[in-house]
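There is one chain below, alone, in structure tokens, taken in the form predicted on its own.
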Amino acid sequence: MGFWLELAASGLITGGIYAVVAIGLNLQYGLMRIMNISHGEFLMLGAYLTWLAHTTFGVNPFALMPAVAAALFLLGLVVYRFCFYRIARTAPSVEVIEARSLLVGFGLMFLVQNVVYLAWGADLRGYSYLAEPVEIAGARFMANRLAVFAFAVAASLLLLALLRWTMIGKAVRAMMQSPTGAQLVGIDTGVLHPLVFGGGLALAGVAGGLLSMVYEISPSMGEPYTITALIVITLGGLGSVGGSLIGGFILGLVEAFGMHFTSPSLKMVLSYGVLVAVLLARPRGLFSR
């Protein structure tokens, strides 16, 4: 029983990280149709900022999360203004926004990767934090993985609460449901778009900081998480933040149990299998409305 509990918990912990990454990308793509394929690279920046602050100044990684989120939010405002603002304003259709932002995202991905390569090299980096085991109901977990899971779920639920019960959250949901209708009732897209884009990168930075507590980091770590985020968005439904949270947990569990019964080398095969199955059965996602 302890073994199965460990396996399920491992999937949920991984799924919690997936959810935080996917929610940030879902906000950008669901609201503005900006396909920011470099999303994972900003996750990587958050991981490096957390690693640098902890190893250099001894800052508690969890205490650093608000600062990492703020730094990535401000960076997101700059990136949106210089890379995506003109695309969002001048593109004649949603399809053109997606295509042009995809190309810009590829350029950003290689730019950020190479800047980090120049700054810190290609070596794996890491640190030990809350690495002692904890026993719960006969199952053993690393304390850092449990703490990361709790923080990821709390961050996701906080965002869901903001979207549901605040005015800016209602404006974001209105824009996702009907951009034209939202503008007709006075919602200012010129203010909302950069805020949401920055918020998406802030969530990516937080996810990267959480990952740095559990895994070693490298300049190339971001790309797989971008792909995973796209799978989770497809699974949960475009524009559904709650769907991204549940979709992240589902994908984490599928990977954990699938790799146990097959092989760890088949992780991406399992992920893509879930993607194909959902596209065939529910093209709009499991939780889209």
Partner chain sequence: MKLGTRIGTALLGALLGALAAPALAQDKPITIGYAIARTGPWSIGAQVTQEPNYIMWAEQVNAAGGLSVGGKKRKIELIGVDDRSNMETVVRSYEKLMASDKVDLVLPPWGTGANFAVMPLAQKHGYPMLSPTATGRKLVAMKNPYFFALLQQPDRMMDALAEFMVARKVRTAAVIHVDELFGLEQFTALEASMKAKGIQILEVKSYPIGVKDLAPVLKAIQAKNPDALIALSYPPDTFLTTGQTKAIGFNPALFYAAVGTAFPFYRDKMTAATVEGVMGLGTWNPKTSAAAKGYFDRHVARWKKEPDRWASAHAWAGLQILQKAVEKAGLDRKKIRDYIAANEFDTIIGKIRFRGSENVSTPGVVSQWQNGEFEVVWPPNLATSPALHPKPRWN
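Numbering follows the first chain given and starts at 1. Since this is a predicted model, take the numbers as computed values, not measurements. Under this definition, the rigid core comprises the largest set of C-alpha atoms superposing within 1.5 Å between the forms.
Absent from the display: the form predicted in complex with its partner chain. The rest refers to it.
Across the options 141-149, 157-165, 201-209, 175-183, residues that bring heavy atoms within 4.5 Å of its partner chain in the model of the complex belong to 141-149. A residue is said to contact a partner when one of its heavy atoms sits within 4.5 Å of a partner heavy atom; S218 meets this definition for its partner chain in the model of the complex. Though the partner is left out of this view, A131 does reach within 4.5 Å of its partner chain in the model of the complex, counting heavy atoms only. Although the partner is absent here, D123 sits close enough that one of its heavy atoms falls within 4.5 Å of its partner chain in the model of the complex. At a distance threshold of 4.5 angstroms between non-hydrogen atoms, P264 is in contact with its partner chain in the model of the complex. The rigid-core alignment places the CA of F261 2 Å or more apart between this form and the one not shown.
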